[in-house]
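To begin, one chain is listed below as C-alpha cells, in the form predicted on its own.
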C-alpha cells in the first residue's frame, strides 16, 4: 500500500472565502495579478480582490495577457513586468491557462535574466519562485491544487511542463460563484478535463491511497452532472464541479496523467479544440485499450461504479460529449501523431500504446 502524500497548498473554500480570509493575502507588498483578458473581471474576482488589497496596503499590477495554452514567451514578458514593478508575490486568476501562467511568471520574476526556455534548467533558474495565490474561475484543470505549468513553446507546436517545488500555490481560494459566468459549452469542456484527470490518475501505476480516493470521489461528483446534459448549471452543480476538479487536480499532482492528454494536445494546438474536449474524444480508446490488461480492467470497473455508471456507457458517451468531428488526410494525421509521439504520459497507463497504435487511433477517429 502506498500512503505517501505531500500537499503544500492550503485550500480555502466556500462563498465569500476570499473576503473571509483576507489576511492570507498578505504575502508581500506588491502583487502581480496574472489573468486573461476578461475572466477576472467577468467572474467578479477583481471586484472582490482589489478592495481587499487596497485595505491591506498591498500595491498591485495586473498582467492580463494570458491566452489559452499559455505561450512561454508571454509568461516571460509577464515575468519581466513583475520584476520591473517590484512584485514580490503572484496572484493567478482564471482557468488553467492563467493559473499555469502564474506559476511560470512567478519563476521568471524571481529569475529576470534567464531566457524563456531556461526556466526548465534548474542550473539557470537559481532563485526560488515567488509565492503564488490561485483563484480558479473554472472547474477543470485543477491547477489550483498542483504544481504543474503546461506551457506552449516558441514554435507554437509543442507543450512542455514546467514545475518547481515552489510552484504549488501557497493558498487557493475556491468560491463556486466565480465559475458562474462560464458558458455551458466551456463548463462541459472543463468538466471533461477534470473527469479525464480522475480516470487517468486512478489507472496510473503511481496511484496512492490518497490519489485513488480523490479520483473516485471526483468521478462520482462529475459524471452524474455531465450525463444529465443540463441546459443550465445550478449553483449546486457548479460547487460540485469546482470541488471535484480540485480533487482530481490533487490526484494528478501525485500520479500525473495518461495517454488521452498527449493524444489531445495536437487537436488543441493545431485545431483549436478546447483541452477537455480534446481529451474526451480519446477516453473511449483509453477504456478499450486498458481493459485488455488485468489491472486496467479491474480499475476501470471500480471507477465506473464510483461514477454511478458502467464502462460501456463511459466509452460511448465521453467521446460523444466531446463533440469533436474532424476529417484529416493521412499527411495531417501524421503531422499530429508525430507531434505528440514522444510524450512521457503513454507509459503512465496499464496499457502502453505503441506508435502504430497511436496512428490507428487517429485514423479510426479522423481518416477521410
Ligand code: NAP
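Residue numbers count along the first chain shown, from 1. Not measured: the values here are computed from a predicted model.
There is another form of this protein, the form predicted together with this ligand, and it is not shown here; the text below is about that form.
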Residues 37, 137 and 150 all lining this ligand in the model of the complex, heavy atom within 4.5 Å: yes
is_contact(residue 42, this ligand) in the model of the complex, heavy atom dist at most 4.5 Å: yes
Proximity of residue 159 to this ligand in the model of the complex, heavy atoms at 4.5 Å: yes
4.5 Å heavy atom contact, residue 98 to this ligand in the model of the complex: yes
Contact label in the model of the complex: residue 216 to this ligand, heavy atom within 4.5 Å: no
Contact stretch among 200-208, 108-116, 220-228, 177-185 - heavy atom within 4.5 Å of this ligand in the model of the complex: 177-185
Contact residue in the model of the complex, chosen from 287, 281, 192, 252 - any heavy atom within 4.5 Å of this ligand: 252
